[in-house]
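The chain that follows stands alone, in the form predicted alone, written as structure tokens.
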Amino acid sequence: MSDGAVMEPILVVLLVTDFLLLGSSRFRTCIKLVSVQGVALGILPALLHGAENSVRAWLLAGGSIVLKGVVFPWLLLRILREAQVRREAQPFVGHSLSILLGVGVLIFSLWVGSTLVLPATAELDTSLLVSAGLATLLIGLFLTISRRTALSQVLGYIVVENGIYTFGVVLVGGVPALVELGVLMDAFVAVFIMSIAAYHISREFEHINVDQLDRLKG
């Protein structure tokens, strides 16, 4: 099987999980989708840069799969059990409208990807990957600002980081492994801190709706 044939399912998984996240209200389902997205993205370094530096590529792939596919979902599922919530009940933007906006974001991202001059990577056309990465980044930002609960906003941050990660893997082939793994560790620390914050919000106020925190004045 060629690299291009392997890359196509990864693109499909990335975009499908983006739209399922936009349309889903159940937290457990969203956490599983983020996990699947993380595992799919973890394969990219080995696919795109394995021939150039197999050790570096597999280090980055392994670190990404462990953090995005295992550690992050475990942290979020633990918060979900403690917070005793099951779904995003009343988002600022409804799920149907969110999907329609996601289609617009994808069209915009495809246009941006078609206008960029990108380096050839392993003789693959990386413009679609860049477009998917941009769409994922923007959808993650949208999830962060359009949802009420702290847990949803943590999920949105992870999706944003997945989009940035896609850009980095595609466009930056010469970065040392320590730098790339350092970026993953930064993401881990950020998610860890936000998870702790969401946990304490649920413990202190018996909810994780961030829009209700303005009632704490005085």
Partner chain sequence: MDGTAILPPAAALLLAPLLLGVINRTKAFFAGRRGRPLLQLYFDLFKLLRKGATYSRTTTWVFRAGPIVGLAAVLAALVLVPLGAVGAPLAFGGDLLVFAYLLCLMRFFTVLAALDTGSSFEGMGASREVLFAALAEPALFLGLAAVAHQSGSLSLSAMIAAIDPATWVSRGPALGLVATALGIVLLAENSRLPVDDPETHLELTMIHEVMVLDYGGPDLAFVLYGAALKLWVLAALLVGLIVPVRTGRPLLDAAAGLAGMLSAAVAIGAVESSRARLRLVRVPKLLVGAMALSALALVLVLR
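Positions refer to the first chain, counted from 1. Quick caveat: nothing in here was measured; it's all calculated off a predicted structure.
Although not depicted, the form predicted together with the partner chain is the subject of the following passage.
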* Report whether all of Ser24, Leu100 and Leu106 sit within 4.5 Å of the partner chain in the predicted complex, measuring from non-hydrogen atoms. => yes
Counting only non-hydrogen atoms and a 4.5 angstroms cut-off, does Ser146 reach the partner chain in the predicted complex?
no
With the cut-off set at 4.5 Å between non-hydrogen atoms, does Leu138 touch the partner chain in the predicted complex?
no
| Can you check whether Arg81 is within 4.5 Å of the partner chain in the predicted complex, heavy atom basis? | no
> Is there a non-hydrogen atom of Leu75 within 4.5 angstroms of a non-hydrogen atom of the partner chain in the predicted complex?
Replying inline: no
Near the partner chain in the predicted complex, with a heavy atom at 4.5 Å or closer, the residues from 9-40 are Pro9, Val12, Leu15, Val16, Phe19, Gly23, Ser24, Ser25
